[in-house]
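Same chain, two versions here, written out as structure tokens and called structure 1 and structure 2.
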Structure 1
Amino acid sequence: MAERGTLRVSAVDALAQAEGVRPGITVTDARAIYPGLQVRDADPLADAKALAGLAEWCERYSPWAATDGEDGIKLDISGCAHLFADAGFANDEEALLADLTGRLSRLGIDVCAAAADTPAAAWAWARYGDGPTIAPGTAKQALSPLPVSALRLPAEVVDELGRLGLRRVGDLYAIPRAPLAARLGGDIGRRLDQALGRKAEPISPPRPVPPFRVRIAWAEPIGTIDAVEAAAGQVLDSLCAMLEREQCGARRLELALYRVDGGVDRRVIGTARPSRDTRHLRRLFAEKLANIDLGFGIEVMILSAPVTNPLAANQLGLSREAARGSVAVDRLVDRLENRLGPGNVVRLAPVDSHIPERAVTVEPALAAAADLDWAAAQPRPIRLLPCPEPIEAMAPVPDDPPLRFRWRKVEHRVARAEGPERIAPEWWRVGPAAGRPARVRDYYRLEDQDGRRFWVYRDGLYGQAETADGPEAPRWYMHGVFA
């Protein structure tokens, strides 16, 4: 860590700490204390990213997981702890903590963990406490002997409290709030209330917690694609049963695979219409699971439905031939979209504009089609170039269509021409932001000596070329080809 040119120690490992190296001293001092010290540059961004990854990993215990400051993760395990019940431990929370710390230390991560009634009490207990949990209702006594810095107060407030002789959390219980707040700010009261559960401190996870969620965990990690697919089918069955009870269909499903090595692999599928058809959804997932990296195996699998829509039961029982065909098309569109990516399975749709490139947009393949149709009265090319391409045109008279032109390095002699079709710029779009003001376009249909048919236009008119910026001659562009 560089500070005014001085390198300082920002963090140390357990061995260095044992030698007396502490965060905050200069690197020179640290080397003097222990000459064999290895120094690495601090990388706060990478640290934050790793912490976020770890928080994501913790979602295997509870969906309410979030990072806390620079070095902590908080987890709301209300109602989750009984899943980890183990006769060897005093209570379920302790068993869960043992599972958590055990797994993390096997991954090579040293961790201090604690469970308590409030996030603030757990924060204090994890850093200053003794033992894994604070029993419910005993936070006040448990926190009492801890130093005041356990209340997450700024360093200067802690120093000031020390000068007043208030060194333990318990010392603050009996002090009147008002004078303390007047002298040291309102932080102390708030922090104390949070620790003792008088003030709510919700945990907001980085992603919303979906109401439909199924979790499956294995004692031994599974390591084959077949097993993962079978398990995915199993959780999918349970989730679809849940959806059916609630008369819902999923629009998006997310399958999170928690690997033994601490990584999380997420696979998302989407459907164009709400669905709870296990066979269809399983097929969509099969595509996504084909190229998955299982590493050393998968321990936990969580399937959730972040987006759902109402879907009544009677919509599923379709018997007529045409209806079956349309359901099959819905399914096909889902499969195509999941493999090709959203926005790649579309229908062409009209827009109310005369500018050819603006007259066409795309809409989702299964959107309800508006009853609009193409507005152009004149023939239109079958293919339109994404960007009009400049061509070198030779016209005998400025106002005439060209007699010959060169496009993509090929010379074309014009045999027939038809036009012009004049398309005026949309004046409401013309502005300084567009740079050059849009000009009138004269479109011609040209047929060359080989019968190829093109759509070219002249950008601007002769005789009106003088603009405010100075004269600019009209230019010719290729815009499309006819069949």
Structure 2
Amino acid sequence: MAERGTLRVSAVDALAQAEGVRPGITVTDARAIYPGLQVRDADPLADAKALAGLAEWCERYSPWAATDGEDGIKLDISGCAHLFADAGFANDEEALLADLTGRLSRLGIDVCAAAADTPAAAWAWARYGDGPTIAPGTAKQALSPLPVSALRLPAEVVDELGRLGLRRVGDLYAIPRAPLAARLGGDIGRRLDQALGRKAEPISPPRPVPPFRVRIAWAEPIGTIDAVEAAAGQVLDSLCAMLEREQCGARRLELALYRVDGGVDRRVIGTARPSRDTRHLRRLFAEKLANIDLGFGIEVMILSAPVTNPLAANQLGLSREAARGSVAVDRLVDRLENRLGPGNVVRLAPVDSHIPERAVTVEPALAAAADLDWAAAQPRPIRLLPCPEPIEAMAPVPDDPPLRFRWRKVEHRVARAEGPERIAPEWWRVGPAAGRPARVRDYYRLEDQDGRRFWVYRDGLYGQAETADGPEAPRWYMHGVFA
């Protein structure tokens, strides 16, 4: 690690540490201590990525898992120990901690871990304490003999406290806060309050903690696709039962598979509408699990529902065909979305605007539906042109619909006409402030002598002055075609 043009040691392994090499010294001094030292460039980004992956692996014990600095991971295991009866250490946090450190050791990772009432106390005890846990309610006594560096204070503050004779955490208990804060800042009081539980220090996981979560573990890892699918069906049944009790349906489900080699494989499915239909959800997961990499086996499986919506029981109507048709379309969208990938299946959604070209948008099929309904008061063509195309129209009087018009070099004689439907411009998009004139549109539904139906409009009104040279004649446009 380069620091002000000098290469310094950022981390050492056990062999280098045994020879006296310590982090922070220069590489030149390190090689003077141990001439055979092998040096590699530090890669902070890769280290951070690896630590984040390790924190994700720790979610097998608790969903409240997050990285802590450059070399730490913090877990909130409150109320989690009883969930591990299948591993033989229900309600035993020390056994849970031993299982975690044992698995990491088998993966080749050196780790020191501790459990306490607060994250700060656990941090201090893991690095400076003796034993795996601090008994509930005894953090003050347990931390008292530890050095003040256990409070995560800056090095300069630790050195200054040492010059004042305050070398242990217990030395700070009886010292008034105000003189220390005036001389060394407020970090001492804040860190001490965090360690003793007087000030909250929440753990913020990188992903929101799902409200519904089901876990299953095996004494021996499973290594076949059939076994994984059977286990996925089992946790899916349990999760859907939970959703049914809470009158909820899942919009997004995430299946996490924890491999023996420390890897985590996640498979995600989504639904167009809230669902707790196990048969349909199992079919969606079957496509996701077909190409899964099992490695040396799966030892833990966790199914969670990060996105849910209320879903009460529905009373079926007399016409079941319509209901079945709607459900069939939703399930088709779900299968297409999960097969083609997120965002590759889209739908049209209404927008709160009366201007036809702005009244509709394209959004992902599984996105949450907006609280807007399609305007049904006036019919709209099934095909709306991307941009209105100018036409030549002839009307008997200025405000009447045209008797004939020419569009794309083809002349059409109008047999029937209906309208007008007047649509005013949006005031915040037109006018002197916007630099655009305010022109209203009069829309007509026309049918020519061959039975073809069109949607045209007149842009502007006759006699309406809009330029410095005088009135500008309205223009006609083709905007859509009916069936």
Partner chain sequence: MVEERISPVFSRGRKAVLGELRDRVQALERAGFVTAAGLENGGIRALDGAEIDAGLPWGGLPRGALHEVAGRRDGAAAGFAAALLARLGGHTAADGAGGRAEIVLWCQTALEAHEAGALHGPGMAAFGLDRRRLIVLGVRRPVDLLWAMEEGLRCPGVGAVLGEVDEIDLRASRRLQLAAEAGGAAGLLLRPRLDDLGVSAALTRWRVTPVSGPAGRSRPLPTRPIGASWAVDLWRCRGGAPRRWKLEWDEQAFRFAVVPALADGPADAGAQALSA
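Just so we're clear, the structure is a prediction, and the values are computed from it rather than from any experiment. Note that the rigid core is defined as the largest set of C-alphas that superpose within 1.5 Å between two forms. Just so we're on the same page, residue numbers count up from 1 along structure 1's sequence.
- Between the two copies of this chain, it is structure 2 that is the form predicted on its own.
- Rigid-part assignment between structure 1 and structure 2: Val351 and Asp293 are grouped in different parts by superposition fit.
- Superposition of the larger rigid part on its C-alpha atoms leaves the smaller part rotated by 47 degrees between structure 1 and structure 2.
- In the rigid-core superposition between structure 1 and structure 2, residue position Asn344 carries a C-alpha shift of 2.9 Å.
- The two forms, fitted on their core, place the C-alpha of Thr361 5.8 Å apart, compared between structure 1 and structure 2.
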